[in-house]
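Next up: a single chain in structure tokens, the form predicted alone.
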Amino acid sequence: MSGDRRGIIGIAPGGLSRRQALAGIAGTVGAVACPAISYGQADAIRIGHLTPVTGFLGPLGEYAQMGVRLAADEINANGGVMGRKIELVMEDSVNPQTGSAKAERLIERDKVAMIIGEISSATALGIGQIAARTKTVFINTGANSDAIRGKDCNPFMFHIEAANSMMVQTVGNYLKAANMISGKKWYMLTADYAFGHDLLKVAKKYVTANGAQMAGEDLVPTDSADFSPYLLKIRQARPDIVASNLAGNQITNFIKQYAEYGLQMPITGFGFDTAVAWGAGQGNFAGIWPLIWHHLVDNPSSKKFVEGFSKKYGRLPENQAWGDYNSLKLVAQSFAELKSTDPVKLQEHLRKGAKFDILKGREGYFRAYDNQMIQEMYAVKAKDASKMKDKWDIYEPLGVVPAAGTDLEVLAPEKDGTCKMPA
């Protein structure tokens, strides 16, 4: 693909809307589905950003783009890094094949210093393989599959996003306390792709180990918007608990239609993003769910992020925006500390225990075993509709996992030897 297909666009006040960012898609296919969008100037440090902004994960990708743009704005407003501005080269990853092609193009043609982004576990795997081959750092901000931290790990792929096992353990603590696992019959709906398959495996292992029985399970195609066949099966099965292993706007449709059907069984989920619950409409959200971060975290740096994001975009940030925002901030901090943008030096720095303010009560760090960010996590419980102040006020925090004073690594994926990370 020739370089002249890429639009070079300056940062407009308030950033680009999703509609603007996707302009020019019509009439293109495959790896040219979305031309790169570059923000910057000569002698800038180029950062590649890849995430899906079309398809069932598109609503989350929109928040990812907003988060990374806000981080770039703040870094550049404070003089950049080593006197150089940050330039974002942004792409719609679309699907695994296209995402891999665009990652290679960002590295080989656009000469980015590193890559941030992704939500699909299948696409993240492909990007990670290219990162390893080209020795370019890739920070995964939204893909949860344990496998990409296990057998598919590599020294140049890092994960600020939590693994599926971390999400399951986080919400599991509160489900056990609410007597929703032991002796209960569970029915699970699962996204039919790499992330969902991985999450189903981890979730089933956890609930059955804690005394639950499976009343039923279904794989749901990622393009399915009608949940009535599954809801009818759930009604017939009469489980005690209904659980979501869904993703993106699948969760939005499930939550909304579950409420419309008037089913009374408690629901929960092991994978979750705030944006998909906001999309279901006020009063439809229910249950207990895990989150890597939420806008109610009571921390000075978190409150500052919420204020800055809300001022720029006119809405609250959600967890996907958190991941991409923090990834660019910690990379900029690392470049400044290293006084270099060398990718090998960056990889070594991140793997040696460097700690970062990630808008939580405790700092986070990447552990060298699998390059997973070790950090606090949270669970939330849906508010009663009568207690919601507005469409954003849908849940209340349940607490922090692990508890204060407990080693953060107790929540991390097990070191089972499947990750064969070179020294």
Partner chain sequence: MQFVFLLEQVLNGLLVGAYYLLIALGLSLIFSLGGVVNLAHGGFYAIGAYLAVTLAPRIGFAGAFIASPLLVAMIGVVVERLFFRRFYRSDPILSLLLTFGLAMVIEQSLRLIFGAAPQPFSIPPELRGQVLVGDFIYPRYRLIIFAIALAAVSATWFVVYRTTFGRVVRAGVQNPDMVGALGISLQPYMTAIAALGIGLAGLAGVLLAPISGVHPAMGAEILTAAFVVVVIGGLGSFWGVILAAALVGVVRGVTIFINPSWGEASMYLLMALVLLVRPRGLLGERILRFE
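Residue numbers count along the first chain shown, from 1. Quick caveat, the model's predicted, so the values are computed rather than measured.
Quick note: we don't show the form predicted together with its partner chain, though the next part is all about it.
Interface membership of Y63, defined by any non-hydrogen atom within 4.5 Å of its partner chain in the predicted bound form, is confirmed. Contact annotation for K355: none of its heavy atoms lies within 4.5 Å of its partner chain in the predicted bound form.
Not displayed here, its partner chain is kept clear of N173 by more than 4.5 Å at the level of heavy atoms in the predicted bound form. Although the partner is absent here, G364 lies well away from its partner chain in the predicted bound form, with no heavy atom inside 4.5 Å. With the partner left out here, its partner chain still marks one of 108-116, 302-310, 277-285, 142-150 in the predicted bound form; by a 4.5 Å heavy atom cut-off that stretch is 277-285.
A single residue from the set A122, L200, A259, I241 has any heavy atom within 4.5 angstroms of its partner chain in the predicted bound form; that residue is A259. The single contact residue among S334, Q129, N253, N76, judged by any heavy atom lying within 4.5 Å of its partner chain in the predicted bound form, is N253. Shown here without its partner chain, the chain has D218, L219, P221, D223, S224, A225, D226, S228, P229, Y230, L232, K233, R235, Q236, R238 in 208-238 lying with a heavy atom within 4.5 Å of that partner in the predicted bound form.
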